[in-house]
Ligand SMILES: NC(=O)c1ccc[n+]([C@@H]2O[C@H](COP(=O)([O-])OP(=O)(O)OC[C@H]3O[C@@H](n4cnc5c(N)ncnc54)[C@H](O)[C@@H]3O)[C@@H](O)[C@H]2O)c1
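Just one chain follows, in the form predicted alone, and it is written as structure tokens.
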């Protein structure tokens, strides 16, 4: 008699923060997580909240949506209680949150006012720590936190202070991994190549990234296929990486590993 094959996230309870459209990596993560047996809750806020609620209906099973603005202290303080209305705990958290004002991107890096750079750091970097802390009351003996980055080891054209914020995000993930490891919490990032998400479309001149990847990625690269990144996040959420933390997994067709 055939044995039923269970998904790698069977029984897991996962919050995916930052789902906006079907083109987002976070949507792929939510879909794949459900297909692999997880119970998924989504979050967003403001005008994006209604978009998230609509997109939740396009998943294999409609997912509940909670409001979460990572710059709102009350939202963070009450998050665990509001999540308990849908799940009795959390095994995984996906941080798909990033924002920098237009004034903080493009050329003129040293001329950007602190208020614009500060917004980029608060939303895109500090929020990984604040979101993780807000979810900790729901963690059991183990948990996996996975964030999304864009390789911050080099300076990119037009990325501006968002690039600096991603570097801070990558450092934040390592500090969280160091401090929360004894509590059984793994913290890792997935560095995806350029994808035509809302985030990438908001960057002036982002077409340069696409052209560079097309010519250099050894495995090739599709700017419209979020599945590879989504699968990597799902794998890190699973029990298949039990001793991996503080890591950055590149899902970029190999672009990061080669020169000209």
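None of the values given here were measured: they were computed from a predicted structure. Residue numbers count along the first chain shown, from 1.
Not pictured, yet referred to below: the form predicted together with this ligand.
Worksheet item: Looking at 189, 162, 143, 135, which has any heavy atom no more than 4.5 Å from this ligand in the model of the complex?
Response: Contact check passes for 162.
Worksheet item: Any chance all of 29, 208 and 253 sit within 4.5 Å of this ligand in the model of the complex, going by non-hydrogen atoms?
Response: No, the candidate spot makes no contact with this ligand.
Worksheet item: Among 91-99, 170-178, 135-143, 105-113, which stretch sits within 4.5 Å of this ligand in the model of the complex, heavy atoms only?
Response: Looking at the partner contacts, the answer comes out as 91-99.
Worksheet item: Is residue 65 close to this ligand in the model of the complex, meaning a heavy atom pair under 4.5 Å apart or at it?
Response: So residue 65 does not count as contacting this ligand.
Worksheet item: Is residue 59 a contact residue for this ligand in the model of the complex, using a 4.5 Å heavy atom cut-off?
Response: Result no; residue 59 lies far from this ligand in the model of the complex.
Worksheet item: Counting only non-hydrogen atoms and a 4.5 angstroms cut-off, does residue 232 reach this ligand in the model of the complex?
Response: No, residue 232 is distant from the partner.
Item to complete: Decide whether residue 123 counts as a contact residue for this ligand in the model of the complex under a heavy atom distance cut-off of 4.5 Å.
Response: Residue 123: contacts this ligand in the model of the complex.
Item to complete: Just give me the residues of 61-76, first to last, that have a heavy atom within 4.5 Å of this ligand in the model of the complex.
Response: In sequence order, 68, 69, 70, 71 come within 4.5 Å of the partner.
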